[in-house]
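Encoded as structure tokens, the following chain is the form predicted on its own, with no partner shown.
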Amino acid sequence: MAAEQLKGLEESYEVEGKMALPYTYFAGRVGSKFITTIRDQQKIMGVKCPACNTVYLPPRQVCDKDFTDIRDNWVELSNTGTVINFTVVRYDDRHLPRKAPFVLALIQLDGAGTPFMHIVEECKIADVKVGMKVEAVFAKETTNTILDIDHFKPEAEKISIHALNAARKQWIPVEEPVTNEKRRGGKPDMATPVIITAALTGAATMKNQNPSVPYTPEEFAEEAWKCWQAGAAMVHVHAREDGGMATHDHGRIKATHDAIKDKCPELIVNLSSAVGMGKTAEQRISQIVAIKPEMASLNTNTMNFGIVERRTGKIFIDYVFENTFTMLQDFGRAMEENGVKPEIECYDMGGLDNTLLIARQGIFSDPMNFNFVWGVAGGQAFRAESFIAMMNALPPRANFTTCGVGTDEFPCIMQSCLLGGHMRVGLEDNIRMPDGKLARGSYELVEVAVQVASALGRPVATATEARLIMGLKPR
């Protein structure tokens, strides 16, 4: 009711004003996880309705369409999206997040079914368009609000590794005469594509160390698909139970293997024959024979294998990783007889010599594929001269890749790529990026490997080329 309509108040005078009241409120269970995940992990999470498959961002507890309770059905979304509408704020108010003028846009992230509002910067206002691709820029210091995504900026133009591979001539192997001579040294062959493998979990890396470690078959499939998109031709897998423990259960391992192949049929799946601590020889090899992946790891020597705090030397887990000559022989023979190509893992020169000794039985088919492993507590740390010595000891037709635990990862893959070898990265070996931040997944480490290859001028192998290089059957 207007003041002039109130009897006795005809001469009252109204003054317009604003009140600014500091306040706090509970963001709710869903809102709390949404904000803290952005703050702590720089991940943008939505919730997906299992009934209609709508992905909501911002997340909510109930689907608007069918009222399904979706509060626990979290999915990680891309940091990139599309501007679907926007406005230019042209007035200043101390409660606004920026001084005018600035752009507030409705942005629909890739994979989301609903948009949310945020700031677009790092471009002229006149250049902001509906349909513009943008990417999130996270705040350097937390605000404990949605402004932990500081703003969105125009997405840098990226050319996918698959587009680059499609534009070049496919690599074809050159037949070489059989020779018993030692491996030829000298200038490395930089024209051969480099195979990038993503080791998704290992047996010991857990979600409390990096939340992106997959446990369920669905999580493995999603992470493997991201790695393939980033440039990996192969994934190495230790299957897990829902609680995260490594498992030798055939059903669970097959479900994990099949989920990856269903999601990304082209990828090579390399299962572990180590599985995890305390597994018997029968538990380790029977799952390989039952599932028959294209490749499987083959360990080459008995050794200490522990978890030791690097700075203090304090021992947390200490056990002996048993790989006798008989196991090396029997595992290798079982793999070859079942069409599984061994990836021969050498933790030092002794493991390589063990393999060459057993190989005199004629167990292994050419080319033999070796993986030099560095930095395990119980194995040798990465040293450039040790790498070269092991490479020069290989049979003439053998391939080599490498992986390193923790900070050994990046120097060893660079040396391997430089010397004509291949590269393995992933959360099994290392959970952090070169700048020390937690990797958002193994796929981010694959992106680093792709950058290494690009800097050295080597093409990244497609899965088809990887099969040719490693002697696998074409698919």
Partner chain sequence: MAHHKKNRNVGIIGIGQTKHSSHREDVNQPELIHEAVRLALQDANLTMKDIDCVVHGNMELFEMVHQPDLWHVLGTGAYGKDCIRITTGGTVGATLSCASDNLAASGMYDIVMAIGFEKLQEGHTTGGITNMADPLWFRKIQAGALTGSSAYDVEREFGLERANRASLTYRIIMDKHACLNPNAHRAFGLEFSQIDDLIRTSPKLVGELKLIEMCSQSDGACCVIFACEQKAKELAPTPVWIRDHITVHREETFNIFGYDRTVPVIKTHKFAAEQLFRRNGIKDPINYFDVFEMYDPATWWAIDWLRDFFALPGDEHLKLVENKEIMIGGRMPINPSGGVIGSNPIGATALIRVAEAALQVRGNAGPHQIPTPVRHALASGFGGTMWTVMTMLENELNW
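Residue numbers count along the first chain shown, from 1. Predicted, not measured: the structure shown is a model, and the values here were computed from it.
Omitted from view is the form predicted together with its partner chain, to which the following refers.
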Contact segment among 406-414, 436-444, 45-53, 61-69, judged by heavy atoms lying within 4.5 Å of its partner chain in the predicted bound form = 61-69
Wondering, does Gly28 line up within 4.5 Å of its partner chain in the predicted bound form on heavy atoms?
-> yes
For 16-34: residues with a non-hydrogen atom within 4.5 angstroms of its partner chain in the predicted bound form?
-> Met19, Ala20, Leu21, Pro22, Tyr23, Thr24, Tyr25, Phe26, Ala27, Gly28, Arg29
Distance direction in the predicted bound form for the C-alpha atoms of Phe220 and Val30, relative to the displayed form (3 angstroms or more) = farther
